[in-house]
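As a starting point, one isolated chain is supplied in structure tokens, in the form predicted alone.
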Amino acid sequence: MNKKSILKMRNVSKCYKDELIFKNVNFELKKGDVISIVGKSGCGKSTMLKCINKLGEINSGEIMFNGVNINEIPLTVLRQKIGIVFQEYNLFDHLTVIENLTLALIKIKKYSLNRSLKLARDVLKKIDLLDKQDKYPDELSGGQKQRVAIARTLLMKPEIILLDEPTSALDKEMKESVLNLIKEMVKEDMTLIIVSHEENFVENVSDKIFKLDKNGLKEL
């Protein structure tokens, strides 16, 4: 069965001031694909994810989502369709875990408080953090924060999830808990683009692996 093409990058180049980050990048992501991007630190992997999510602008080329140039899609719509999980977690420190999870459901999805709470508690139970629902981010371990950040993105039900070095700041035990959650996401046929240094992990979960090197992207 042919899988539906969901994202295409066509001759995409990105510069920062006078520095070339990447040039003429082409790749296609299909529904249910897991694609990993590897490369040295600072080579532009995270920048590429941000460009897909429009947290950064490209200098030339085009990024197409479901056949539409992302520049033609309203930002609030695009970011519901393409979720991103940062290595820094980006949780709101002044909100509890449950408040972090329900905020976008209420404000953006316009769900009721009761519906939002039920969905958030269901996903917390799934990731074994229901007992942390009333804790604040600074009361959580790094691995717990990252699982909450992933859960927050999952709740929005995006068509693509971008994972930017999801384990880079974690120790071995915490790393395992996050990698196991991502493995579950893969089993559920989610569409993922993963930037990671975890070579063994990406080899096990990826349909395709690309390397960003010398300003170009090539399939390994």
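In this text, residue numbers run from 1 along the sequence as written. All values reported here derive from a predicted model rather than from experimental measurement.
What follows is about the form predicted in complex with a small molecule, which we do not show.
Open item on the list: Can you tell me which of 65-73, 42-50, 148-156, 178-186 lies within 4.5 Å of the small molecule in the predicted complex, counting heavy atoms only?
Closed with: Every other range fails; the passing one is 42-50.
Given that the small molecule is not shown alongside this chain, does residue 10 nevertheless sit within 4.5 Å of it in the predicted complex, heavy atom to heavy atom?
No.
**Report entry** Heavy atom of residue 21 within 4.5 Å of the small molecule in the predicted complex
**Finding:** Because a heavy atom of residue 21 falls inside 4.5 Å of the small molecule in the predicted complex, the answer is yes.
Residue contact check: residue 208 to the small molecule in the predicted complex, 4.5 Å heavy atom: So residue 208 does not count as contacting the small molecule.
- Message: Quick check on residue 33: any heavy atom within 4.5 Å of the small molecule in the predicted complex?
- Response: No, no contact at 4.5 Å.
Practice problem: Run the contact test on 86, 213 and 218 with a 4.5 Å heavy atom cut-off to the small molecule in the predicted complex and return yes or no. | Solution: So, no: the whole triplet misses the small molecule.
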